[in-house]
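Here we start with a single chain on its own, the form predicted on its own, put down as structure tokens.
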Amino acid sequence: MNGISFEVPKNVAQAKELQEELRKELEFCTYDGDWRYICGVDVAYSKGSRVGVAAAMVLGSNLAIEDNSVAMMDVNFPYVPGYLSFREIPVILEALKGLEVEPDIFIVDGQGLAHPRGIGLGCHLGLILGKPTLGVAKSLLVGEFEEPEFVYGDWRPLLYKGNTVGRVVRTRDWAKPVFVSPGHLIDQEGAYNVVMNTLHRYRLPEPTRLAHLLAERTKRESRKKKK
């Protein structure tokens, strides 16, 4: 990792202060889209359990699976909307340690800039990794938008407090849109292009879709072993 270290906040108030400081370190720059390996990350939880299961799925430029890794650990930070990164980053970093292939860019199942304080999971993780990172969320956290046309590839800007914080993208004809926002070392156009280049028949980009399936499968298998 070439970025900052992860700091564990004592409470939500301290987490808010950390986010406001980290926000100043973000860089949004033109991304040329030249990547060899892309990594999707996702975290799953068992109902009533404090254990988080993180999966990292690395795909090549042809979207073939090149590497993957999972990790499980107790999640200590409480679930508080807007502070997801403090809850999930420790187990994500543990999963990334298991990779043998080094990704060039990362997609998280969550928000990037489209966040109440402008620093969602995609931003925070990008700062730690020192790599281009973006968020692709299935639901809206903040902002307002006009509905895109019901055709593949159409998009509308996601606006929050007068600023464009992401794009609302139709990734399949007639499917619900996804919310794409840059995390770190990438811009709006670059984030959109990465998403469009990693789609394959489904609503979600392949890196995060496959990471989600791996995390859920690992979670189920772990439950079975405990019975």
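A residue's number is simply how far along the shown sequence it sits, counting from 1. All figures in this text were calculated on a predicted structure; none of them were measured in a lab.
The form predicted together with the DNA exists for this protein as well; it is not shown, and the discussion that follows is about that form.
Is it the case that Leu84, Leu121 and Leu140 all touch the DNA in the predicted bound form, with a non-hydrogen atom of each within 4.5 angstroms? Every listed residue reaches the DNA in the predicted bound form, so yes.
Can you pick out, from Ala191, Leu158, Ala56, Val43, the residue that has a heavy atom within 4.5 Å of the DNA in the predicted bound form? None of the other options qualify; the answer is Val43.
Can you tell me which of 147 to 155, 126 to 134, 73 to 81, 99 to 107 lies within 4.5 Å of the DNA in the predicted bound form, counting heavy atoms only? Every other range fails; the passing one is 73 to 81.
Using a 4.5 angstroms cut-off on non-hydrogen atoms, would Glu216 count as touching the DNA in the predicted bound form? Result yes; Glu216 sits at the interface with the DNA in the predicted bound form.
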